[in-house]
Each structure stands twice: as C-alpha cells, then as structure tokens.
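Next up is one chain by itself, shown in structure tokens, the form predicted on its own.
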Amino acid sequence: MNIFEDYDAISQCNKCGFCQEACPVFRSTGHESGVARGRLALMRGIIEDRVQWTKELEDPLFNCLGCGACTASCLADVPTADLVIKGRAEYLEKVGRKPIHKLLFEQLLPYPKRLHMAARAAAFGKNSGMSKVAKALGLLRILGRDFAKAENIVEKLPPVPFRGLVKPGEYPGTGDTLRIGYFIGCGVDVIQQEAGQESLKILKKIGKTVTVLDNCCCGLPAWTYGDIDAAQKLALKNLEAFSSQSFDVIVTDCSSCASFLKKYPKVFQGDEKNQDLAQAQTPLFQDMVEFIFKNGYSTPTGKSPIVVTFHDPCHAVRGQGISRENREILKNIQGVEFREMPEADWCCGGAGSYALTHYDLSMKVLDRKMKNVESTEADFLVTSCPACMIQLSHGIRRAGLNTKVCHISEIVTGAKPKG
C-alpha cells in the first residue's frame, strides 16, 4: 500500500473546516488531528516528506471512527475514511502490526469453529467472573490499550454461538420461490442471538428455502484496521463458498457486514480474476432492512402502543444509503409510534472494536447519543447493526435510561414488545 498514489485525492481538501461540524471525534476533543482536514494534512505531509512514519502517527490515524460523516459534509467529496484506511495500511507496513490483530485476523476470524471456541472461553470468563480477576491483574491489557475499561461493555455472553443452536444448512420456508442465503455476522453469531432467531423467522416466512451459511467474518474488521491482505483472504473465502451454491439473494442482518459485502469488488481492485468473482455476486447481497422493505413483513405489537426511535448505523446510512426504508418499516407496524431522534445518523462511537483502544473517546461520543435518545422518551431504540446494539446498550446502562435496545427484526416480528 502506498498513499503516494492518492496524492491528488488528498490534495482536494481545501481546509474549509466543514468536516469539523460533522466529526464526532472532533466535537468530543476539539483537536485538529482528530478531524478530516487534520488527518489529510498529516498524510500530505508524509507524501511531501515533511512527516516521517513513526509510532506517533498511530493515534491520529487510528482514532478515526470511519463513520464517513466528514465526506457527507465535504464540498469536494474527499473520501477521507477510505484514505485513512490506506494510511493505516502503510503504517502497518512501515511501523508494524500488533500480535493480537494477527491472531484475530489470521487465526480466528477465517475459521468459525475456532472463533466459536474462543467465544465460549470468553463467555466462561465473563459469566463466571474470571475476567474480573484478569482485569485486576492487568492481564487484559494484551488485548488492547483500553480493553480492561471496555470489558464491561458486554454484560453477559451466550455460552453457545448462534450456529451452535441453528446448524448451517438448508431449511424449508413457507414462501413460493425465493432461495435465500443467510449470512451470519460475527456479532449475531456470538452475542446477538435473539436478533438472529427473529431474522431467521422472517426469512423462513418469505423464502421457499433458507440456507444458514457457514461463512466466516466478512473481513470488515481487518479492512478497517488497514490489514488489506487479511481482508482479501476473508472476502475470497466467502466468495468461493457463495459461488458453490445457488441463491436468489444473500441477506445479512448486520448493516456493517452488508455494506462491506457490497464493496467486495473494491477490495480486489487490481485483481481482475477475483474482482470479477466479486462483481458477479455483489447484486445478491442485501441488508435485512432492504429485504424487509422490499418484501413486506410485520406483526402487530399488541394492545399497548409503544414508542420507537431509530439509530442509523454508519454502514447503513452512508455505507449503503439506507435511511428511509427503516423508518417506513417502523411507521407501518400497527401499535408503533415512531419518533425521530436528533442526530440519528451520528456515529454511536462503537465502530467495531474502537472502544478497546479508545474507550474514553468512544464514551464521549456515546454520551452525546444517549442525550438524544433520552429526548425521544422512546420505549425501544432500534437499529440494524449488532455492534451498534452492544454500544448503545452500554450507553443505556451508563445513562440509567429505561429504553430497550433491539434489532429491527425483533420489532418487526413483535418479539421484543411481547417480552
């Protein structure tokens, strides 16, 4: 990776400062290095040999949430999030990678069974209280600079993954013709299993057959970190598995996964063979929100009306252009009163594993989101990204709110309101 190739794109920044208003990191810190024009100036300095690759560059390059809000506010439409990823990739080449990321991206995420074993071990440590002992001893620091602080973000982990409860394979549905592949994201697989169960219920209702895929991680965590090679290997493994089966659509209930799956051709830019393979399958990929919106499905919530608001995952609203669909779905459910939340499309500060290395900054971004949630007085805070669900649930507990966080599939089927 060489950011010299992106000099023209980086130079498009005219330092106007519109990115400051939109950037959650800058609004939390006020530091110029934490806003798009600051990061772009830094990379331009590297290209022009005024700045050298050192460990001091890690924070300004890696504290970006990658939410894309800066580009949405940029008159020149500079793709800062994409350029930062390229900067991270070159940083890893020039300065070095952390062993924990090599373990995660090369030894766990490509292999679902290994990931499940690790998740079971983590569940045991979390649920038994052993993780508190490790935290007290400082052993959790090897997992990330702020992992010891972030350990409480997840209250409890399921002892068995989703695909331990629902085995990969084909299941009959009640629909007429549609053959659906169900892509299981890591979040649903190891943490948000209730969302997965309700998503599967929807897919079975609409599809003639639903195949729970034995896919690996989509590759987004590695890509975001700047490990392009690892991301390509994960993407290729999935593409080869998809191409061996026949589907009309491949649906995932993780907006982050959906966004990245649709970008697979970009992942293989310069690799004509694999790029063609990706382009042939990209039209099959759909976010669960898209799928529900196109096919229609909803269950009345019951006798008591509920107030619902929605948080837009960055990878849905800016990554895929999905915003109107989720609101229309919620407004059309009998017994739901939808209330728009201020700054609904602002990042919640989750950004995958962001809190593991930038916990305090992540919480500042999250606290702003919680004030907006509180203003709606909603019974349910709905979203379509498991990572956002984890972060938002943590925020609800921190703020002492009574609002419940759930996936849009759970509201659509009536699972959460009935609970």
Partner chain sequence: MVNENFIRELEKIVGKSNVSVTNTGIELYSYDASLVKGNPGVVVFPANTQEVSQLVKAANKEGIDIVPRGFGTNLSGGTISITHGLVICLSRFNKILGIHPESRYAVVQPGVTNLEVQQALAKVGAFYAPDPASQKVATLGGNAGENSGGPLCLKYGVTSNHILGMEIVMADGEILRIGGPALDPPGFDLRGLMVGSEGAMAITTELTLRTLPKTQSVITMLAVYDDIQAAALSVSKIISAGILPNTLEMMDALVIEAVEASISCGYPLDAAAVLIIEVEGMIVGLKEQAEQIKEICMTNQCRDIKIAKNQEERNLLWKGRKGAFGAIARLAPNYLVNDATVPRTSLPKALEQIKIIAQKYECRVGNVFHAGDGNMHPLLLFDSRNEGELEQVHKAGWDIMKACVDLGGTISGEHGIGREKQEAMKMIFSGDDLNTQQTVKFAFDPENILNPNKVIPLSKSPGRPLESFEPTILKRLGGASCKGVVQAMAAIKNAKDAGKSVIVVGADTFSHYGNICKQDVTPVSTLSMTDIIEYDSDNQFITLGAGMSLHGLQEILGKNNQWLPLRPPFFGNKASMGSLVAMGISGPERMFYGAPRDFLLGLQYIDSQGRIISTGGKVVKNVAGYDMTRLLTGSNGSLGIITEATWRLLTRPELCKALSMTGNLDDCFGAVLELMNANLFPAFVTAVPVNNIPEDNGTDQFPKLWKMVVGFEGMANVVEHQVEQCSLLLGKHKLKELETWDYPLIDGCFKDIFNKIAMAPYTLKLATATGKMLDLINVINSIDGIKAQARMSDWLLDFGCGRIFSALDSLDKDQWASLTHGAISLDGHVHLEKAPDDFRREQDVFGGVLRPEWAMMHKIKKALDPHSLFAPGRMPGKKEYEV
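Numbering follows the first chain given and starts at 1. Just so we're clear, the structure is a prediction, and the values are computed from it rather than from any experiment.
As for the form predicted together with its partner chain, it is not shown, yet the points below apply to it.
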Check your understanding: Heavy atoms within 4.5 Å of its partner chain in the predicted bound form: does L165 have any?
Key -> no
Check your understanding: Taking the shortest heavy atom distance, is D77 within 4.5 Å of its partner chain in the predicted bound form?
Key -> yes
Check your understanding: Is there any non-hydrogen atom of V405 lying within 4.5 Å of its partner chain in the predicted bound form?
Key -> no
Check your understanding: Does the 4.5 Å heavy atom contact test between F26 and its partner chain in the predicted bound form come out positive?
Key -> yes
Check your understanding: Since exactly one of I390, V373, M363, L57 fits, which has a heavy atom within 4.5 Å of its partner chain in the predicted bound form?
Key -> L57
**Study point:** Listed range touching its partner chain, judged in the predicted bound form by heavy atoms within 4.5 Å, from 212-220, 69-77, 83-91, 316-324
**Key:** 69-77
Point to revise | Neighbours of its partner chain in the predicted bound form among 5-20 [non-hydrogen atom within 4.5 angstroms] | key: Y7, D8, S11, Q12, C13, N14, K15, C16, G17, F18, Q20
